[in-house]
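Here we start with a single chain on its own, the form predicted alone, put down as structure tokens.
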Amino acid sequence: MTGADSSLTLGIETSCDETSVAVLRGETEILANIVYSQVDLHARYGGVVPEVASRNHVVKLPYIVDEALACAGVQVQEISLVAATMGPGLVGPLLVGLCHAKGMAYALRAPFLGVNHLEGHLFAHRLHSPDVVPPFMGLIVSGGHTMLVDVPRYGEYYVVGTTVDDAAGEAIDKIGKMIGMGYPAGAKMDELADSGDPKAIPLPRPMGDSPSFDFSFSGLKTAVLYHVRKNPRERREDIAASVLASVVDVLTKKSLEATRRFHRHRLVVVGGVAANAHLRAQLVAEGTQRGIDVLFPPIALCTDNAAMIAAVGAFRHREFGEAHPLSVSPNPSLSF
């Protein structure tokens, strides 16, 4: 179906601190996927500053659009659809990307589509494995979201469970900052944990035994804070390993049980924390034991990127005929 489609979609992603532009042919062929990270810019503040992020998106976005078009080897006049993240995310950065995308769509006389960032993460799987289709259970796990979503088919989503406080990635980042890892801490914690003892600190598994599929990670953050105050010489490697053991145990238990409970045989794990090596290893191992196929996109498609946004736009425009008026506004709290 998608092989005969030569239409070109330009996608823009600016929901947080990555400025990304992609060009997609059809629904799954990535011609370009440029991601500019603002990590170094925000590291000095210990987290993302929305105003700083917005201003940097304004400066970088026009150049990254040009770079993506050049990388794809296409002229801007060839773009037939423009898609941009409309939420969830930080309102300032969202507004920058949406305005730029709407301006391009107007100038090109092309349809415009505002995209749900969460759906975008699920489409990262479709980009990598277009032949591995729903139904499946989706685990979206990142710095801003921890959510289980039943996906009977693309375009139809049912939230099974979500975090009641901190997202998993947010908790890991805050704990990393607590022990002097700087921002962002996810990749550093993952690497540090390789040299630590995951049983060194008896940390809680918040809501691990709850019958619901909701998550909670704020209690874990508090437990680490108290432990570090009482044990200031605790090895950082052991803290990292113990923290990841707690997070991974809870994510693994709940996501595999949700997959079984909803009679799915496949679990698709997406979002920035899906790049975590410990989560990947444990989910695949325990999934195999339970007869559940656990799939991850490549690392480059786990983090925020515009290819997944373009993919949703291309799919929804072709499948459902969707397009949005240029008056559409960002929705920072958008969900399914």
Partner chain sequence: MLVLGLDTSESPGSVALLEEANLAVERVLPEPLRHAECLLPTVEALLAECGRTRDDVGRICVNLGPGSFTGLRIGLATAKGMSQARRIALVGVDGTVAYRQRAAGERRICVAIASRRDLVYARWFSGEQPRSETVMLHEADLVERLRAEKRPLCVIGSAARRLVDHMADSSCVVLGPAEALEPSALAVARIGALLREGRLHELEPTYVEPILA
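Positions refer to the first chain, counted from 1. In this text the structure is predicted, and so the values were computed from the model without any measurement.
Keep in mind that the form predicted together with the partner chain is missing from the display, and what follows is about it.
K.L.:
With the distance limit set at 4.5 angstroms and only heavy atoms considered, check whether V59, L95 and S327 all reach the partner chain in the predicted bound form.
P.N.:
Per the other structure, all of V59, L95 and S327 touch the partner chain.
K.L.:
Among the candidate residues G103, G182, P135, P204, which is the single one with a non-hydrogen atom no more than 4.5 Å from the partner chain in the predicted bound form?
P.N.:
Partner contact (heavy atom, 4.5 Å) among the options: G103.
K.L.:
Looking at 305-313, 45-53, 22-30, 280-288, which one sits within 4.5 Å of the partner chain in the predicted bound form if you count heavy atoms only?
P.N.:
That would be 45-53.
K.L.:
Does the partner chain get within 4.5 angstroms of any non-hydrogen atom of V65 in the predicted bound form?
P.N.:
Contact with the partner chain, yes.
K.L.:
Under a 4.5 Å heavy atom criterion, is R233 part of the interface with the partner chain in the predicted bound form?
P.N.:
Judged by the heavy-atom cut-off of 4.5 Å, R233 is well away from the partner chain in the predicted bound form.
K.L.:
Could you tell me if A187 has a non-hydrogen atom within 4.5 Å of the partner chain in the predicted bound form?
P.N.:
A187: no contact with the partner chain in the predicted bound form.
K.L.:
Taking the partner chain as it sits in the predicted bound form, is R229 near enough to touch it, meaning that at least one heavy atom pair lies within 4.5 angstroms?
P.N.:
Outside the cut-off, so no.
K.L.:
Output the sequence-ordered list of residues from 105-122 with at least one heavy atom within 4.5 Å of the partner chain in the predicted bound form.
P.N.:
Y106, A107, L108, R109 sit within 4.5 Å of the partner.
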